[in-house]
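As structure tokens, one chain now follows by itself in the form predicted alone.
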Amino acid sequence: MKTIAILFVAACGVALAGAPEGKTVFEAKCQACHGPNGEGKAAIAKMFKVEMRPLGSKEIQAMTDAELKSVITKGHGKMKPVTGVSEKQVEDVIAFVRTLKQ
């Protein structure tokens, strides 16, 4: 039982390790449309005629890291790919998005 608890705590630590760096990248590259807490900006959604789910929502949080990476690097729907970010920065943003879970 202790081993499971230790592995869980270690895994959580690894998952959140990039969150502070990811927040910085998120603020620079994503916040303009997704808002400071990933809630989405109604004016942007209206302008593009799309529904923006909060990044902490069940639907977004259910996506795998690979799916989130694809959205960030390739875009999705009317969202264009995020440019000027390294692979590490993308991983850090994903770690930050995981902290937004509702």
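Position 1 is the first residue in the sequence shown; the rest follow in order. Everything numeric here is computed off the predicted structure, so don't read it as measured data.
There is another form of this protein, the form predicted in complex with ligand HEC, and it is not shown here; the text below is about that form.
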| property | result |
| --- | --- |
| 4.5 Å heavy atom contact, M79 and ligand HEC in the predicted bound form | yes |
| Touches ligand HEC in the predicted bound form: V97 (any heavy atom, 4.5 Å) | yes |
| is_contact(A43, ligand HEC) in the predicted bound form, heavy atom dist at most 4.5 Å | no |
| Residue contact check: V50 to ligand HEC in the predicted bound form, 4.5 Å heavy atom | yes |
| Contacts with ligand HEC in the predicted bound form, stretch 58 to 78 (heavy atom within 4.5 Å) | I60, M63, L68, V71, I72, H76, G77, K78 |
